[in-house]
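Coming up is one lone chain in structure tokens, specifically the form predicted alone.
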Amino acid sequence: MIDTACSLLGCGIDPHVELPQEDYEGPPPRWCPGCGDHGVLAATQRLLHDERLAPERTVFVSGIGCSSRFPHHIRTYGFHGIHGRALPIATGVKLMRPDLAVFAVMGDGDCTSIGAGHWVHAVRYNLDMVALMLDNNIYGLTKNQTSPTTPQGHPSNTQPRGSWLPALNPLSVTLGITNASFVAQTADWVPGHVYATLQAAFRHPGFAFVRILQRCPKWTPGVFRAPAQQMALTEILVHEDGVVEPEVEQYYKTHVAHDPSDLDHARHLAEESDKVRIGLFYKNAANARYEETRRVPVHTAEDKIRLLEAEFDRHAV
């Protein structure tokens, strides 16, 4: 039975949990100095603390890549999966244990290349979970190969003369999928906004897709250099029902008024621009959620053994 707090704000919450933030911190990460993953990890650990998520009722699932080391550095349950498969694993966890808070963490190659089919259907299923796509525009862990989000013309080990194709736009793709219910973008160089976006995503009742623009100091140091150094090149989407972070809005003066219930305007804003736009592009809490339409019955240990035996008998030779 899902408790009231779970139904209102997402699962895994325990109002009696008062753990210090350090209790959510696992072994120190081994990412490169200056990697944007460090800031995202810190914001995530702060979220777990502030939302009083019980570690034993919280699960982080990842694929393969630098960002997919996440489960090793957070003291909750975790599953370090294989390349591109974070979302189907997270889907299975959520369907069998809807009382858990589930986070899927992926890189751009992990999500938009080998995992692209899972990404499309996870958005359509609209399970109540948070999906973080840390996008550094390159395959980093495997040492500098072109990914679907690599800018056209950017050289890599696989395309030394530059990426041949225009970069895939994860926001436009997600906003074009049937039953999309929460699509946001943030950037590691605006840490307050990263936290506020994660909080809004977690509190959304449905599949929350968050693209995090993340600097890679080793392979793509110049990709986000301009917006990270020039505040006027980072636009903040503002609305009372969006990602609200007054301090960020005070320092970043370039604002765009956008109602996140307006899907057409969201798709327009997602198109390429000379500025980086961060904020909540779209939100619809009324969309059907897969765990509501496909309820998985809770089985006892004895039930599971009986069902397994029946399945084995069915396939016996």
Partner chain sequence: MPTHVSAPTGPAEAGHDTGRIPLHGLVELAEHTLEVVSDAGEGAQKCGQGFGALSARMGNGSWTVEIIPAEIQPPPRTPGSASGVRIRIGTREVTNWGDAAGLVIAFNEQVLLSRHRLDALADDAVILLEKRWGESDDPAVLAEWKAALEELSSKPYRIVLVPLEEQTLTVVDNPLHGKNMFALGVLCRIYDRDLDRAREQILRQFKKKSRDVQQANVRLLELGASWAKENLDFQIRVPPGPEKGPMVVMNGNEAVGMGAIASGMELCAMYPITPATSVSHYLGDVFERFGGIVHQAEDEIAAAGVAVGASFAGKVAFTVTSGPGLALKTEFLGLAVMTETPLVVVDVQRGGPSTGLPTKVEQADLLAVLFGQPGDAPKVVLAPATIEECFHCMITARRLAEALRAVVVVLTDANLATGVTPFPRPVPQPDWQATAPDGAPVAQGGKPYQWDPETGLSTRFVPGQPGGMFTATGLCHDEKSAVTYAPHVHQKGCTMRSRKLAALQSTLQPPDVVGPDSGDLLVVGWGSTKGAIEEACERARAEGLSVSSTHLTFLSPLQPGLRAIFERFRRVMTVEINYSDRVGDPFITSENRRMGQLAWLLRAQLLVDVDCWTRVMGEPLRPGQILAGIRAKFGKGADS
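Residue numbers count along the first chain shown, from 1. Every value quoted in this text rests on a predicted model; they were computed, and no experiment measured them. We call the rigid core whatever largest set of C-alpha positions still superposes within 1.5 Å between the two forms.
Omitted here: the form predicted in complex with its partner chain. The next part is about that form.
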**Report entry** 4.5 Å heavy atom contact, Val210 and its partner chain in the predicted complex
**Finding:** no
Query raised in the report: With the cut-off set at 4.5 Å between non-hydrogen atoms, does Arg203 touch its partner chain in the predicted complex?
Result: no
Query raised in the report: Taking heavy atoms and a 4.5 Å cut-off, does His80 contact its partner chain in the predicted complex?
Result: yes
Query raised in the report: Should Tyr290 be classed as touching its partner chain in the predicted complex when contacts are defined as heavy atoms within 4.5 Å?
Result: yes
**Report entry** Proximity to its partner chain in the predicted complex (heavy atom, within 4.5 Å), stretch among 213-221, 71-79, 228-236, 153-161
**Finding:** 71-79
Query - its partner chain: the contacting residue among Ile89, Val244, Ala167, Val173 in the predicted complex [heavy atom, 4.5 Å] - result: Ile89
Query raised in the report: Leu47, His255 and Ala257: each with a heavy atom within 4.5 Å of its partner chain in the predicted complex?
Result: no
Report task. Quick one: name the residues from 244-282 with any non-hydrogen atom within 4.5 angstroms of its partner chain in the predicted complex. Result -> none
Query raised in the report: Does superposing the core leave Asp23 with a CA shift of 2 Å or more between the shown form and the other one?
Result: no
